[in-house]
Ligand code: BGC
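What follows is one chain in structure tokens, specifically the form predicted on its own.
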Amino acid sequence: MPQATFHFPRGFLWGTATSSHQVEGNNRNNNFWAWEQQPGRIVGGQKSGLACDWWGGRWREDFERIVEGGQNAHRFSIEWSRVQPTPDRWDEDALDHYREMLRRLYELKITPLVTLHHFCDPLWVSELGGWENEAIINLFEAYVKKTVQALSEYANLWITINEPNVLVIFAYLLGTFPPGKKSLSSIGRVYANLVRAHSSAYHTIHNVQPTARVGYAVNYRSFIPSHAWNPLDRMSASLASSVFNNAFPGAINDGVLRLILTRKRIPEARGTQDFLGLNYYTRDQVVFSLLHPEEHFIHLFLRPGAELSTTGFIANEPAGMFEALKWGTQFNIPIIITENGIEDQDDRIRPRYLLQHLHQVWRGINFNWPIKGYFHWTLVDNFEWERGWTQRFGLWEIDIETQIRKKRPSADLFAEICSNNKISSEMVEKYAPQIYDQMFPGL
């Protein structure tokens, strides 16, 4: 059988991504822990509990799995509620904990990508009104300054805020994240505060560490009109994309926050990004429907016939990755894919999902798009927010009762890709032979 190889650029970042609340365990002082205690908030009433026990030290063994996996980078987040448990107190022990993690990554020659906010706020911030209160801008700036001053010896690649668009929609429109609001009127205020907080953090980080590279991570969701001939479906898809995909990045790009009926100038935010963090998982079909007022008449669904993840949450749509990357090129800055993955308990779909999506990344690189790295979601199964433990995204499986890790076959596939900086036809034949002819037509 003829052979072929897709090579990636020298110096390409290969890693996995994690977040503090999802892996640390016993994060009792933030709003998501409090959310978990409320009946009906999490699927099956599940709780994060010990999570992956990283706060108890199991990050050490999982970092060894990063090395075993041939990765040269890792993305993880800092928990604001640990660093600043009360308004008037900084916890130096918590900062030492994160410094120890970063020092170990340095020793292992793993490049850290540090996220400063990944959905969770300290309880005291929530009590002040969270992201609806303009006071959070200065509060976040102070936290960022303290954290970067403490950790800059070992890190210079920062994400200020993870998926601000998801935070806005899930927490303030759909009500599935804390504070559980379903308020159209909140969206503009929260988006504006997130934009200003990012901008302030960006300047603060560069003042502390002039050599830093700073960005944010946006979740790009592809929205396809269910009936291309129907202007209402096309309008619905356009509106969904403008609010979800474009509002925050647009404001950072040119200093204007554009929502459906309003524009707000935030000039200080213009150009406050050194790279674009891009998260992509799947794409949606969109139909205008009077039968779905709870969705504001914009009904989203996965493509009929698409290959679905274990719980039907994600459709395997690799073409959407190429679309996301093409969209990202408009900002004329480096792109880092900061999350991509599929929940797949039995590791049935993940090998081909991974190969097909990385093939689209390779295609983008061959258009000379400035794609600098790829972080797979995630290293080890973790607590998936309102979906609890029902979704398993890890390259490594976890038994949450015993904390025993078990390697999935796709971990070996990803290790071969990372170690060799390429995808070969041999890898595809070994791990996902059913897509061989698709990836190597004519061979």
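Quick caveat: nothing in here was measured; it's all calculated off a predicted structure. The numbering used is simple: start at 1 and walk along the sequence shown.
One more form of this protein, predicted together with this ligand, exists but is not displayed; see below.
Visitor: Only one of 140, 98, 353, 119 has a non-hydrogen atom within 4.5 angstroms of this ligand in the predicted complex; which is it?
Guide: Filtering the options by heavy-atom distance leaves 119.
Visitor: Scan 414, 54, 375, 385 and let me know which has any heavy atom within 4.5 Å of this ligand in the predicted complex.
Guide: Only one listed residue qualifies here, and that residue is 385.
Visitor: Given that this ligand is not shown alongside this chain, does residue 281 nevertheless sit within 4.5 Å of it in the predicted complex, heavy atom to heavy atom?
Guide: Yes, residue 281 is a contact residue.
Visitor: Does this ligand get within 4.5 angstroms of any non-hydrogen atom of residue 313 in the predicted complex?
Guide: So residue 313 counts as contacting this ligand.
Visitor: Is it the case that residue 162, even though its partner is missing from this view, gets within 4.5 Å of this ligand in the predicted complex, heavy atoms only?
Guide: Residue 162: contacts this ligand in the predicted complex.
Visitor: Any chance residue 253 has a heavy atom within 4.5 Å of this ligand in the predicted complex?
Guide: Answer no; every heavy atom of residue 253 is more than 4.5 Å from this ligand in the predicted complex.
Visitor: Quick one: find which of 27-35, 65-73, 40-48, 387-395 has residues within 4.5 Å of this ligand in the predicted complex by heavy atom distance.
Guide: This holds for exactly one stretch, 387-395.
Visitor: Using heavy atoms and a 4.5 Å cut-off, decide whether 22, 219 and 339 all contact this ligand in the predicted complex.
Guide: Yes, each of 22, 219 and 339 comes within 4.5 Å of this ligand in the predicted complex.
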